[in-house]
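Next comes just one chain, in structure tokens: the form predicted alone.
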Amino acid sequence: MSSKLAILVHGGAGPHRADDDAEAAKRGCLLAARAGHSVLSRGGSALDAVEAATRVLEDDPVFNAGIGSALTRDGRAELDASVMDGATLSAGSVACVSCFQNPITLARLVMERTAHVMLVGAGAEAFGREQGLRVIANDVLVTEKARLDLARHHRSNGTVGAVAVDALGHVAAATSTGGTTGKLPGRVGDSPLIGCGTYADDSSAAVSCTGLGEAIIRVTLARHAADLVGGGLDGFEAARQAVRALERARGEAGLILVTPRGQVAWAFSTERMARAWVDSRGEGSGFGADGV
């Protein structure tokens, strides 16, 4: 088994809030990282690993993805997700879906079973039904905390994501979100946009972003970070430089990345970003208040 095996996940970046549960976020991220690493250690692909890890985060109501997603201004959950395979540059994404708990799996089906990269709204949901995904009521995705955030105008724009490298040195990335609290129905952020919230290329790195989606889109943050690694920068320096690029777009965000050589790295300009990882040196985790 290669010593390159590594997976890193994030549970969203943003300001400190009085109702934050830092320990729950750290535990949830570490559980997701372990789920992904279990896939890798059994010989699974980086793509399999990031999907498995992201599904764990989507199922955890602590995070703004799947169950527990931020709500639109009319009180519904509309989910976005994307996945990318660094070996082939294949990618799939969905936006504004409201009846599936794990949109990351739907995004992968778009990648593998259609000629398209992105499906949205009713079309994405019809495709998911055709593929046999379990359909759920939108209320299943809505938590009391999300309702209170909407009522109190507490802005949430967190995201979850995962990046991994497998035994063959292939990288993959996945990102999933409920978006921003109080968003207009139909709003799409960076998470399902390849090159913005998600990017993976075996010649550089796999990247997943989190933060203010509109700013991330304007600087195509994920692709920018990967290109910096491809240009020879250390992973942490590439992450820091990429996040600083958001200053021009007047946004705050964070990102995680992994290189084909197994380096995991991250940076964020927000007050905190939950993250956890498992690599060839063992496992680690963190929930930080230290910015970039």
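Note that residue numbering begins at 1 and tracks the sequence as displayed. Bear in mind that the values here come from a model prediction, so they are computed numbers and not experimental data.
We do not show the form predicted in complex with another copy of the chain, though everything after this point is about it.
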Identify whether another copy of the chain in the predicted bound form is within 4.5 Å of every residue in the set 27, 241 and 265, based on non-hydrogen atoms. no
Contact of residue 143 with another copy of the chain in the predicted bound form (heavy atom, 4.5 Å): no
Mark residue 183 yes when one of its heavy atoms lies within 4.5 Å of a heavy atom of another copy of the chain in the predicted bound form, and no otherwise. yes
Is residue 138 near another copy of the chain? Define near as a heavy atom within 4.5 Å, in the predicted bound form. no
Does any part of residue 71 reach within 4.5 Å of another copy of the chain in the predicted bound form? Heavy atoms only, please. no
Which residue among 117, 133, 150, 99 has a heavy atom within 4.5 angstroms of another copy of the chain in the predicted bound form? 117
Within 4.5 Å of another copy of the chain in the predicted bound form by heavy atoms, the stretch out of 31-39, 223-231, 61-69, 48-56 is 223-231
Neighbours of another copy of the chain in the predicted bound form among 172-201 [non-hydrogen atom within 4.5 angstroms]: 180, 183, 184, 185, 186, 187, 188, 193, 194, 195, 196, 199, 201
